[in-house]
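As a starting point, one isolated chain is supplied in structure tokens, in the form predicted on its own.
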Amino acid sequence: LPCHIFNVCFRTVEPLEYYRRFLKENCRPDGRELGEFRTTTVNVGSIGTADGSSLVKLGNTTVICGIKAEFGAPPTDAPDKGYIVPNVDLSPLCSWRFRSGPPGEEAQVASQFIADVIENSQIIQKEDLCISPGKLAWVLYCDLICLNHDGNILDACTFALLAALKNVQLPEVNINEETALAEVNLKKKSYLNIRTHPVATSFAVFDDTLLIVDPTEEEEHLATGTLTVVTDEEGKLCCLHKPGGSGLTGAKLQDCMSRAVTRHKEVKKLMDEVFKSMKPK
């Protein structure tokens, strides 16, 4: 058998053993080192009908985020707060594993993860979304749609959300005291007050011991566990997501944390460059 055909057959029949042979040499079948991330790109403001949007690519994994701002009544138990409502959509478009209909387990887990990141990082203080206490507040609907799922969806979604929120501009709103109606000034818009910049870094664990970063879909499937660490620009831990699988020692967790801090600097630099290159509207 020619070598390339043998490799394809071996990978199909014994995918885990195929991977182990690469991992022993401290590399992966796609040519990356164990601690190497895929090429990451971000575009912002690409959806004209949204109030803020972004497109993030992490290798082949592609996520688009569109944010729509609407009016709503503040919650009765928090009359001085607005809302941020995230939703992750994993449709059949992005992978053969997903079906049409109500969101599956993975989409629900991803949506809850993003909600936890928003809450724990305080990326936006919900008080900033209040227009008139007890009367009117902004509701930010954050739709994250996966166009291509090739692993590490949580990192891509977190990055896309942050970039889209930084792109949002809301018009000035005043309450008319005589009519009690909202008056919107579309000529005077302002950006959201982004208070922290949470960045997610995901790992896959092979054979209970070996850590690799930014796993592909195939690597996630073959791994004995996964872990996602979310940090802010000060290196503080915002979220730790570990859905079962093999355990990690304290030393391994510390290693993940330090790598996450390094990754945060790379992502923040990339995002800063993109926003700097954009001309003011």
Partner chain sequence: MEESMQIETKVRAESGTESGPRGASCTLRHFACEQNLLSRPDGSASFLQGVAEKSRERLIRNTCEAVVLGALHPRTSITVVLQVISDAGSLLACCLNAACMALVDAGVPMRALFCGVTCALDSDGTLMLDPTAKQEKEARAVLTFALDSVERKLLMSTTKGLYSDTELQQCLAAAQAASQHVFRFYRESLQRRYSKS
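Numbering follows the first chain given and starts at 1. Bear in mind that the values here come from a model prediction, so they are computed numbers and not experimental data.
Below, we turn to the form predicted in complex with its partner chain, even though it does not appear here.
**Student:** Want to guess which of 91-99, 113-121, 75-83, 156-164 is within 4.5 Å of its partner chain in the model of the complex, heavy atoms only?
**Tutor:** Looking at the other structure, the answer is 113-121.
**Student:** May I ask you to state whether Lys68 is within 4.5 Å of its partner chain in the model of the complex, using heavy atom distances?
**Tutor:** No, Lys68 stays farther than 4.5 Å from its partner chain in the model of the complex.
**Student:** Is Thr249 close enough to its partner chain in the model of the complex to count, meaning some heavy atom within 4.5 Å?
**Tutor:** Yes - in the model of the complex, heavy atoms of Thr249 and its partner chain come within 4.5 Å of each other.
**Student:** Going by a heavy atom distance of 4.5 Å, is Val44 a contact of its partner chain in the model of the complex?
**Tutor:** Val44: no contact with its partner chain in the model of the complex.
**Student:** Within a 4.5 Å heavy atom cut-off, is Glu105 in contact with its partner chain in the model of the complex?
**Tutor:** Heavy-atom contact with its partner chain at 4.5 Å: present for Glu105.
**Student:** So which of Leu222, Leu55, Leu34, Leu253 reaches within 4.5 angstroms of its partner chain in the model of the complex, heavy atom to heavy atom?
**Tutor:** Answer to the contact question: Leu253.
**Student:** Listed by sequence position, which residues of 238-257 have a non-hydrogen atom within 4.5 angstroms of its partner chain in the model of the complex?
**Tutor:** If the 4.5 Å heavy-atom criterion is applied to its partner chain in the model of the complex, 238-257 yields Cys238, Cys239, Leu240, His241, Lys242, Pro243, Gly244, Gly245, Ser246, Gly247, Leu248, Thr249, Gly250, Leu253, Gln254, Met257.
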